[in-house]
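The form predicted on its own is given below as one chain in structure tokens.
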């Protein structure tokens, strides 16, 4: 038990030390983005990595969470730290009927169906102006006051947002680790490897996939709420664009599908390098993602984390053989 908890405790301590070690606001901003994308990559990995269900529509779940959080705050006065889990719950509820419909399809037909659902949600957000404010979107001009341990939280500082993002990323990775060890995780791997064989041995494949989609949607929706909380602006293009879904896919694939640490590795690499490319080529960063994805698929099909884990296992086995000799 101690060996299992040690990496998590070490990771939590390292994350806690970052604000004290890093003084640059831009560096903290990049760390926040890495953590947010880690949560989103983990959300997509739950469904795409473990169950093998390639979704191009996770931006719709992210957007539902973002809109829910910002609407609850601006129209009902619900503080964002309560609106974020509410956004996750709203995304999970939206995912249930979508999953029941789309999971009747398989392979590329499922992927195309999720893409169609995402575009439909974006059209609703653009045209349902009484709720979403249409293409104009919503802007938060000031966040509510909050006191912790007798001190007022300074929302102009990025540190409070970093703490929330770190908690969100750790929770998403912990959910992935728990799913991997749970019976549902075994069901999902069986579905990924051979869905017909999984059904033949009695696994309710639709139920397993819908439950996983709901969990994935909750994480993505909560991350969407954080986005609204952090950037203070939401519109259809910002939170419902296809590029959001594609970046979630890239992070999971580059890091390593079906792994716990893959989304973190993918987010660190793609966010830091992506920000550097975006600074030089504002409209060309997606070209970089596409080219890098091609290289990963060709030379690292198991992802960076998957390759590192395989190399570590090989070195460990070699050391054991030398020790036995």
Partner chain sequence: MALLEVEGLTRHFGGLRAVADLSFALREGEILGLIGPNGAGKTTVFHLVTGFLRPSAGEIRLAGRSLVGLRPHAVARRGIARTFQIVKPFPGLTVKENVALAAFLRHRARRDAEAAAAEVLERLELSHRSGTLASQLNLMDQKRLEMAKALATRPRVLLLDEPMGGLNPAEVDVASGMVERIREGGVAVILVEHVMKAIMRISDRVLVVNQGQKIAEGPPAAVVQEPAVLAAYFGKRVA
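Numbering follows the first chain given and starts at 1. Predicted model, so just to flag it, every value in this text is computed and none were measured.
What follows is about the form predicted together with the partner chain, which we do not show.
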Practice task
For the three residues 183, 189 and 197, verify that every one has a non-hydrogen atom within 4.5 Å of the partner chain in the predicted complex; reply yes or no.
Solution key: yes
Fill in the blank from the handout: Note: exactly one of 206, 116, 174, 131 sits with a heavy atom within 4.5 Å of the partner chain in the predicted complex, namely 206
Fill in the blank from the handout: Assert contact residue (the partner chain, in the predicted complex, non-hydrogen atom within 4.5 Å, options 77, 202, 145, 108) equals 202
Practice task
State yes or no: in the predicted complex, is some non-hydrogen atom of residue 193 no more than 4.5 angstroms from a non-hydrogen atom of the partner chain?
Solution key: yes
Handout entry: Stretch in contact in the predicted complex with the partner chain, which is absent here, among 174-182, 135-143, 216-224, 239-247 (heavy atoms within 4.5 Å)
Key = 174-182
